[in-house]
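Take a look at this one chain, the form predicted on its own, written out in C-alpha cells.
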C-alpha cells in the first residue's frame, strides 16, 4: 500500500511530538515519512490519500493483558470476589468450551478492539489446535502476542500446547503474531513447574524465537492481598516476603516477563521488579470490579518499572475499551493519592502506546509514529460535541475521547477499519455465531449437571 494521511494533528508519542496540520506517509507495512502537510503533500502525488482535517492520528493502542476468548463469557458471572468468580463460575463453564468457542470469542474481541483503536493485544488463554486466539487474530488482522495458560494439573497438555503454539504461530503473518509462555499464577503453578516453564520458554526461544521476535513470559502476579497465603496453602511452602520475592527465589524473573495486576506489593517486591527489569500491566477496571485493590503505579514508575495498561478479559471488565482504561488510570491514581498532578495525560497515553510496546519488547517496531516503524495507527474524529472546543489534544485523548470516536484503523500498513466499518470480518454474521455459541455452551453446562 502507498498511502498519505494529511491535514490532521499527528500525536507521534515519539521525538517529533505533536505535529499540527501534519502528514504521514506509508509504503507497504512501514511509515516512510512524517512532517507538515505543506512539506509532504507534493512529494507523493500518486499515493492514496486520507484527509484527516479535524482529526487526530495516534499510534494504535496496545492492550498488554487480556483473555480475548472470554468475550464469550461477557456478563456471565458479575459481582463476585475473585476466588468465587473463578472457582464456582468461570472455570466450570470454561471446561465446556471448545476450540470453535475460543476462536469466536477471540474474533469478537479482536473486532471490538480494532473498532476502538487498539492494534495490539497480549492475550493469555487455552490454546487448542482446532480453534484458537491466534487464528482469530490472523483473520481479523490485529497484531498480537498469543499465550497458552499453564496450570500444575495439566502439565503434559501444556507442554504439547506450548510446542504446537510456538511452532505453528510464532512470527506468523510477517511477524504480526508472536507467542508467549504463560504460567497462570504463583498459586496455580507449583515451584518446580514454574522453573520448568521458564526453561521451556528459553528452549522455545532457541528453536523458534529470535532477538527481534522473542517469546515472552506472561503471568498474573500479586493480584490480591491474600496471594502469599494461597501459594503457601497450595504448595506447602513458606513465603517470608511477597510473591515477587518468591518468584525471584525461583529464578523466573527477567526483562522478558510481563506481570499482570501487581496490586499487592511490598517495597522489596517493587525493588525486585525494578532490578530484574520485569514489566507490569496495570488493569484498573478489573481490579476495581473484583475489589482486588489498586496497584501502586506511581511508586512503580518512580522505581524505574515500565508500566503499561490492559483491560483484562471481557468477563472481568466487561469491555475491551482501552480509552476507558486510559481515563480511569489517570483519575484513579489522582484520587487515591489526592494529588491532581500525578499521572498527567501525556504520561498515561504513553502507558497505552510506547510503554505498552516496551512491555511486549516490540518498541523498535510499534508504539510510536516514527519513520521506519510499522504503520499501526488510529485516526480519531475530533468533530464531536464532547471534543469541542480543543485546547490540548493530549487532554482530550485521555479525558474525553471515546472508542466510538475512532474512524480509521491501520495495522501493519493495512486499512482494517474504515469509516468505523471492519473490513476483515462480517460483523453481523459473527454476532449471530457468538450468540449461538453462547446458547450451546450453556446447554453443555446444563447437561453436565451444573
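Residue numbers count along the first chain shown, from 1. All figures in this text were calculated on a predicted structure; none of them were measured in a lab.
Although it is not shown, the form predicted together with a further copy of the same chain is what the next lines describe.
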The stretch from 133-141, 245-253, 285-293, 360-368 that lies within 4.5 Å of a further copy of the same chain in the model of the complex, judged by heavy atoms, is 285-293
Q) Does a further copy of the same chain come within 4.5 Å of a heavy atom in each of 189, 196 and 261 in the model of the complex? A) no
a further copy of the same chain in the model of the complex has a heavy atom of only one listed residue within 4.5 Å, and of 177, 161, 93, 272 that residue is 93
Does a further copy of the same chain come within 4.5 Å of any heavy atom of residue 423 in the model of the complex? no
| request: Mark residue 206 yes when one of its heavy atoms lies within 4.5 Å of a heavy atom of a further copy of the same chain in the model of the complex, and no otherwise. | output: no
Worksheet item: Is residue 338 close enough to a further copy of the same chain in the model of the complex to count, meaning some heavy atom within 4.5 Å?
Response: yes
In the model of the complex, is there a heavy atom of a further copy of the same chain that lies within 4.5 Å of any heavy atom of residue 172, even though the partner is absent here? no
Across 374-393, the residues having a non-hydrogen atom within 4.5 Å of a further copy of the same chain in the model of the complex turn out to be 383, 384, 385, 386, 387, 388, 389, 390, 391, 392
